[in-house]
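Starting off, we have a lone chain in the form predicted on its own, written out as structure tokens.
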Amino acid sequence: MTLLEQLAQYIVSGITLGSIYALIALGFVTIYNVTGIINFSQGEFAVVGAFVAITAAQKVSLFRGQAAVGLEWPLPAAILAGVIAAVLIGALLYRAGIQPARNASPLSQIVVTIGASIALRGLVLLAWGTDPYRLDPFSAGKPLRLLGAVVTRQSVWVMGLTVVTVVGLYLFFRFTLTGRALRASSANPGAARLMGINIQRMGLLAFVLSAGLGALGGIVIAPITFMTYDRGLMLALKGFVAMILGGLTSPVGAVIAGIALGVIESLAAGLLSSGYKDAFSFVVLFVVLLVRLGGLLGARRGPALERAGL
């Protein structure tokens, strides 16, 4: 394989990985824009969605062999089950954790999401243990070749899902009444209340949307890499990095930053060492924070930073 072919392979792998980071980052941005909260349990939505989908689609042993599940549902039904499970957890987190603390400081609400992340990780460990699990590919067939790089069919699913999600979110926020209400709640909560918009309901919808996005990210990557109970922590951190790089409040910036982050990681792992892959992500984050808190695209400050005076 020539150097150009190697670079093409690294870039394709990076775009695939970056697409997952983009989906996680979109969940971060959705919640942050409406509530001003950085939800550090976002990665756990991906893990829960993936594990529920795997359990619905395959024979799985639960609770250290104490229970066996063999539903073997069709893949679309299993995916839907995983998304619904994550959405219900997102709604529960908002109702039981965030809404009662709505008058607390943003930092206190962030601590609630960190606690929820730890609790969810423990529950997944209790149910599925430490064994890695993998979902069957969405479509069978030989890999494709692009500019000398090998592109698996699941990678096409990952990138395609990201494009569809971004377009769908754009259309939702731009042309639907609910999407416009969410945008109004983000831009000016006080004025939105005066217009009859239920801010609490919009917050719930933001958590539901972000949970669904996280679940989709976890499910679509499960056929490419093994899913473990602690995978959510790193996914959340990478999604958070992409959110910061994209400017905190910009969905488009989050997607671009997530894909760029994946490409940087892939190139660092391929050209230097796989041990430096994660380090490069956080080096990039530190550089951006030192140079410009607003991110690469210079988006406006979010409500939490404004209230904190940053």
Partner chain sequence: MRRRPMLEVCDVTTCYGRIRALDQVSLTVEAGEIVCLIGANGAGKTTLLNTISGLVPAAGGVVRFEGRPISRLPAEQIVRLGISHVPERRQVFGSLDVRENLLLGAYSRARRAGPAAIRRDSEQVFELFPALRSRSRQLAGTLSGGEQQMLAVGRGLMARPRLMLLDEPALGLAPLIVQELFRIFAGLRRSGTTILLVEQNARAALRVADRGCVLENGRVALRGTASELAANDGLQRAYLGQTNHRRRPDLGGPDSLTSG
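Keep in mind the model is a prediction, meaning the values are calculated, not measured. Numbering follows the first chain given and starts at 1.
Although it is not shown, the form predicted together with its partner chain is what the next lines describe.
- prompt: Would 181, 191 and 202 all count as contacting its partner chain in the predicted bound form, using a 4.5 Å heavy atom cut-off?
  reply: All three within 4.5 Å in the predicted bound form.
Original post:
Among 172-180, 134-142, 206-214, 75-83, which stretch has residues whose heavy atoms lie within 4.5 Å of its partner chain in the predicted bound form?
Top reply: Only one stretch passes the 4.5 Å heavy-atom test: 172-180.
Contact residue in the predicted bound form, from 224, 150, 91, 197 (heavy atom within 4.5 Å of its partner chain): The option sitting close enough to the partner is 197.
- Ok, 146, 71, 187, 163: which has a heavy atom sitting within 4.5 Å of its partner chain in the predicted bound form? Selected residue: 187.
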